[in-house]
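Just one chain is shown here, as structure tokens, and it is the form predicted on its own.
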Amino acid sequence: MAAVATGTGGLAALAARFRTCPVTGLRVDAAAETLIKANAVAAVVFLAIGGFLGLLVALTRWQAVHLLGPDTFYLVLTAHGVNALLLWVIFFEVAVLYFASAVVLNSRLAAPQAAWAGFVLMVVGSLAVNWAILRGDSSVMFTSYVPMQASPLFYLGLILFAVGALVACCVFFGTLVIAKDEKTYEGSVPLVTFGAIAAAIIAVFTIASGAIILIPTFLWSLGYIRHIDSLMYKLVWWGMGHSSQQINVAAHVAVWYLIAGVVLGAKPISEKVGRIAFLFYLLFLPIAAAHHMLVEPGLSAEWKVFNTSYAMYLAVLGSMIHGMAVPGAIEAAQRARGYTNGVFEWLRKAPWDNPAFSGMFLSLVLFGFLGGISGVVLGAEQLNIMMHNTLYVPGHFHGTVVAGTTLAFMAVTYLVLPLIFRREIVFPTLAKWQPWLFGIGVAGTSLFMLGAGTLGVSRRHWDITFSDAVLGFDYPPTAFLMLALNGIFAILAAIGGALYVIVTVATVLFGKRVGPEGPTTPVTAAPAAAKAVGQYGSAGTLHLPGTYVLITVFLVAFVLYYFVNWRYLSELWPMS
């Protein structure tokens, strides 16, 4: 590896700024390490808040419990969406960006002071928007559609948070320039960093969309603007609201590659194909927000057809490529270790006692089967007419953002704690069980919300019996069973989430300091981790019989479920 330029500070000052991780061999910049810690801690705090509020929402939708009244329900639902869908994931993604640039590329972080300013803006904005919601005058839900109006503090908080996140993206891009200029890595950037680049570019698009709509909405709430067109608001807002979730997809896929590389020394099956898949994300995922607008009468049929055909197919193709490449990389690494007997010995003898690996693999499977397939259903214009305003939508969200992104971020935390915080993980047995409890719980909540949505249950009404409505309406009895099961699995997910917070906080505060030899917990890294994660290169094999079987199972499930939904749609045709 080429030497890093020392500048005028001299070799001594440069050496003091870096340390070498004894496990992965990666060099860690002190400024980047501190900022990764700060953003990760903030992320966990808002996850704890958002997760608790989500449990209250699930217990209210469980008709036998029906915990909250209507006013409190919509307040809690708004706060849950902001904290869980926005604050938790973007704080953690900033930590991922700093790791994927400074640490993976062995570089110093660009402009640490600016990074801290961005972090302060994000924290202040987060506190402002939560205060606006919890004081009771901003229960507009995550979408905050006009003409519903929140307090000016609500919009100002989101704007400050977005500006802080934009500063973090600029620091990330600056770090890439420094790494390239100072030749801290050889050749092209590795796939983990390339995925982070895709996430950061989508983040800039997301923040721009937010600025375009939130700044005039803020002025509207102050009385300086008389009117905002509701269709225009929804169209531009979803450029932010949905694209913010696409940051998550690109980031958590990069985390999948990161965990596979650190834990097993796994190299991507093909760096070039993986890059093409991330490029599909860049070009087509942001406009996938169209599936929230497919029933709007003010948008042209041509716009809807393009977004739900060619654009959707290529975005889905990107995820399918990653869905094959990640288990393929794992299989290639395991077979290189000698696990070559049969089709699935590599999978049976994978490090399932390592919560980083188990959480990552669960995230991969659940994201594909629940979030991915349901996303294709919502992205089909004809099928969307049945699902667009039902619990199917949050069921899809929980399959992507929670089962996919949140579980992946939880998994990589078990690497961050010993490698960045340099603390031995406390309660290692609880840590082993945590991804399974959370993953099974979230899978259940997603699955049963998808089921309730298929039965037509509204996603925005606090009482599916419509007890306070002038005109009565009865859902099928199965819908009540679906929401009861959703509540039960939400409790299980909350337990898994609470264990994550407990293990994380206890480790940061009380964990034994990691010695020079590295951590002694089951969360260890492969000897080839630095090469697998920090250098461009491919696995060099396509002998992956187990992966081919897994992909075939997924495709069969995909096709069957897709055409089952067309069968449901055909039953509605006589009504026309």
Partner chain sequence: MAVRPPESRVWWNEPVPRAELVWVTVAFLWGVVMFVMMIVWHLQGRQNLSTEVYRVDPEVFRSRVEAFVERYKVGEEGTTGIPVARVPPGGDAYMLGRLWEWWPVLELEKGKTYRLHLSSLDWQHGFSLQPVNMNIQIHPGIEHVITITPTEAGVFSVVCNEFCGVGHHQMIGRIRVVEPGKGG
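Residue numbers count along the first chain shown, from 1. The shown structure was predicted, so the numbers you read here are calculated from the model rather than taken from an experiment.
Not pictured, yet referred to below: the form predicted together with its partner chain.
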{"query": "One stretch from 88-96, 346-354, 439-447, 264-272 that, in the predicted complex, holds residues within 4.5 Å of its partner chain by heavy atom", "finding": "264-272"}
{"query": "Sole residue of Ala380, Val236, Leu492, Ile420 within 4.5 Å of its partner chain in the predicted complex, by heavy atom", "finding": "Ala380"}
{"query": "Partner-contacting position among Gly210, Gly497, Pro190, Gly359 - heavy atom within 4.5 Å of its partner chain in the predicted complex", "finding": "Pro190"}
{"query": "Any non-hydrogen atom of Arg135 within 4.5 angstroms of its partner chain in the predicted complex", "finding": "no"}
{"query": "Contact flag, Phe367 vs its partner chain in the predicted complex, heavy atom cut 4.5 Å", "finding": "no"}
{"query": "4.5 Å heavy atom contact, Ile551 to its partner chain in the predicted complex", "finding": "yes"}
{"query": "Tyr281, heavy atom within 4.5 angstroms of its partner chain in the predicted complex", "finding": "no"}
{"query": "Check all three, Tyr145, Tyr257 and Phe558, heavy atom within 4.5 Å of its partner chain in the predicted complex", "finding": "yes"}
{"query": "Any residue of 453-475 that, in the predicted complex, places a heavy atom within 4.5 Å of its partner chain", "finding": "Gly453, Thr454, Leu455, Gly456, Ser458, Arg459, Arg460, His461, Trp462, Asp463, Phe466, Asp468, Ala469, Val470, Leu471, Gly472, Phe473, Tyr475"}
